[in-house]
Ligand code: GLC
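Okay, so here's just one chain, in structure tokens, the form predicted on its own.
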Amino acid sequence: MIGWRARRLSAAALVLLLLSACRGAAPSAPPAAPAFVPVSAEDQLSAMHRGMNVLDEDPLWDDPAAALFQPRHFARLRDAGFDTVRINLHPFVHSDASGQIDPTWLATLDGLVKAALDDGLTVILDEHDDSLCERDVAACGPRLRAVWEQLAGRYRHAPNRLLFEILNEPHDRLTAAVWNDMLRDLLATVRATNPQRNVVIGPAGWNAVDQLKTLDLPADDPHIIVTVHYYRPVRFTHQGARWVAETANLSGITWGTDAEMAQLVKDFDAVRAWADAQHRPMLLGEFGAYDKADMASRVRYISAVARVAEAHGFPWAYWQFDSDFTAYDIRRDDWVRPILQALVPP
């Protein structure tokens, strides 16, 4: 793993990496820590390499008996070469009018966090209510504050391999100006009980790489890991996705020309330059290609993004384990092998 302060590789070297990717050494699973011990954001990130987004809208949250993802899948992830999971949470719909989260939902989360940590994984608790927040910006801040008062307090003694991500992909009416004010308030809420836990924060505009310039973080808080998401070009990665109006009717779009690979390298060069200038470690929190694209192009794209991220010193988390963008076939209870091998080369 290249350190986050490492010098950027040349474009030529990156092209070679794309053409002949080799597997990096996966770290051995660390033992579960008994309590929280502070660790710098840099050191935290240096222990993270390959991650997976899990449990987004899984039936488990409403009915554990109907769960698709099972705790044993954490071990499957670890054994396949992953060391990080980003657990996608939607606590708004499991909270009452006062903002109190359902105790049953919290108990389910407790079990998942314990299982993942026991399997040696780093765990990011990702507050994934961005769409509900964007619909009602005025209510968003208080609701998020209530969520983080409860989650941060509940896990204040958890090992340092548990990270908090205060909101996924703020967008549209959650403008950069609104978000920069809101993130300070939410960070203060977390810091009341977790003054030294590392917190993941990304820019408005869907955490897009070109929106980093709009992100305004408190300079006096060193325990922040910045995140970006990468789905460029959207017309390829989201072709056929019914929830994206401009791509819903697209099909047959491939990826992998020299120009497309060069653009990928250019985009990540810009992210590296921002991270170096701001002295902030960087996580690629999401990337992937919807499963309506042809498999050969998906494999080329996923492999290229993962390798270029690694070459720039960015740990990553693929979107997502099951459902669309699928890396793991729940019905067969096995990996989608071409996708796994694109992420973790054999």
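In case it trips you up, residue 1 is the first one in the sequence shown, and so on. What you see is a predicted model; the values in this text were computed from it and never measured.
There is also a form predicted in complex with the ligand; it is not shown, and the following applies to it.
Does His73 reach the ligand in the model of the complex if we count a contact as any heavy atom within 4.5 Å? His73: no, not in contact with the ligand in the model of the complex.
My question is simply whether Tyr328 lines the interface with the ligand in the model of the complex - judged by any non-hydrogen atom within 4.5 Å. Looking in the model of the complex, residue contacts with the ligand do not include Tyr328, since no heavy atom lies within 4.5 Å.
Considering only heavy atoms, tell me if Trp319 and the ligand come within 4.5 Å of each other in the model of the complex. Contact with the ligand, yes.
Check whether Asn198 has any heavy atom within 4.5 Å of a heavy atom of the ligand in the model of the complex, and answer yes or no. Answer no; every heavy atom of Asn198 is more than 4.5 Å from the ligand in the model of the complex.
Choose from 255-263, 186-194, 236-244, 150-158 the stretch whose residues reach within 4.5 Å of the ligand in the model of the complex, heavy atoms counted. Stretch with heavy atoms near the partner: 236-244.
Glu169, Asp267, Glu127, Asp119: which sits within 4.5 Å of the ligand in the model of the complex by any heavy atom? Exactly one listed residue reaches within 4.5 Å, namely Glu169.
Quick check on this chain: which one of Trp105, Phe164, Phe92, Tyr231 has a heavy atom within 4.5 Å of the ligand in the model of the complex? Answer to the contact question: Tyr231.
Counting only non-hydrogen atoms and a 4.5 Å cut-off, give the residues of 271-295 close to the ligand in the model of the complex. The stretch touches the partner through Glu286 alone.
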